[in-house]
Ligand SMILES: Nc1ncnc2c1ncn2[C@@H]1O[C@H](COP(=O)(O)OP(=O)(O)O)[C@@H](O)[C@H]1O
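The chain below stands alone and is given in structure tokens; this is the form predicted on its own.
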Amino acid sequence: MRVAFVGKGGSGKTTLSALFARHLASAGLPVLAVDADINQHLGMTLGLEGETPPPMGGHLADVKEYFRGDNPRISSAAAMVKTTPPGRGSRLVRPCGDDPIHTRFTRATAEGVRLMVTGPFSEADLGVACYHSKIGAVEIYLNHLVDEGGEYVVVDMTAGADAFASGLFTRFDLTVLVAEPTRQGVSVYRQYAEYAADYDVAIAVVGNKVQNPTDLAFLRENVGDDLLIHLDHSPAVRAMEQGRAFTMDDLEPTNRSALETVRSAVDARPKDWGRFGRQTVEFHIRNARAWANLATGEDLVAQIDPEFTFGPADLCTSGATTL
């Protein structure tokens, strides 16, 4: 199951992403955490020690070449864009599999969370590059990912509504919006809810930095039924953010219970491969006609394979097995 954590900058979405991933891992569940934020702090918040994984955004040509596989509809890796859907001959992967993507681009924490990162801006990017080109690696990955219940992919997204600059916002089973009890915090929720309404994107709001009943009442008044749960102010989390030792056993019982509520909400979502496939194709057509045909010199709508079925039935590992 795929879960996106979004919210206003400073709302605590990275912290909540990490806590949720660690909560899943503590229950012995397979979990991949993906840092798709321009500020790459998820590894630190997960307590990853040692070398971070190579950034997928810095090896985009290799990523494209791997997923392209033997798909005859894709002429080259250069003709593959972030929205290119898989087809017969494409390589698909399972979460945390032993394929070259996960072997090369993930690292495991001591608690068992595997981390994948898009990577920060490099010196060569400054002033000339758009961060969405790096996030494109995550979109390509999710387009070619076959996940099922009991498997979790937790993505720490960019702040605000940046995810709506591509079809990435439709690639999740549940989008968790982390909202502070402030006007700015709920304004991001309203923006997400408005954009997502036409695309059957499921949103659950988790209140964060709630310190008193007045804060909670504010969220309930402004978010309504979308408010799933809230987390209380946590001295243990504050200590973690300051670099002191932290394990999930240090987290307050009420906050552990809140994380379990989020897990229950994720598990309750139906896996709708039909919707996923339709929206993947829809956004690819939009991108092709808006800019990608011109950029590549090809009609990329022809990359769509009408005989391909999204989901476990078409898991394919043909072709080379190295990057």
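The numbering used is simple: start at 1 and walk along the sequence shown. The structure displayed is predicted, hence computed values, not measured ones.
Below: the form predicted in complex with the ligand, not depicted.
Out of the stretches listed (234-242, 103-111, 192-200, 169-177), which one is close to the ligand in the predicted bound form, meaning heavy atoms within 4.5 Å? Stretch with heavy atoms near the partner: 234-242.
Can any non-hydrogen atom of Pro312 be found within 4.5 angstroms of the ligand in the predicted bound form? Result no; Pro312 lies far from the ligand in the predicted bound form.
Lys13: heavy atom within 4.5 Å of the ligand in the predicted bound form? Lys13: yes, in contact with the ligand in the predicted bound form.
Quick one: is Lys8 in contact with the ligand in the predicted bound form, heavy atoms, 4.5 Å cut-off? Lys8: yes, in contact with the ligand in the predicted bound form.
Answer yes if any heavy atom of Asn208 is within 4.5 Å of a heavy atom of the ligand in the predicted bound form; otherwise answer no. The answer is yes: Asn208 has a heavy atom within 4.5 Å of the ligand.
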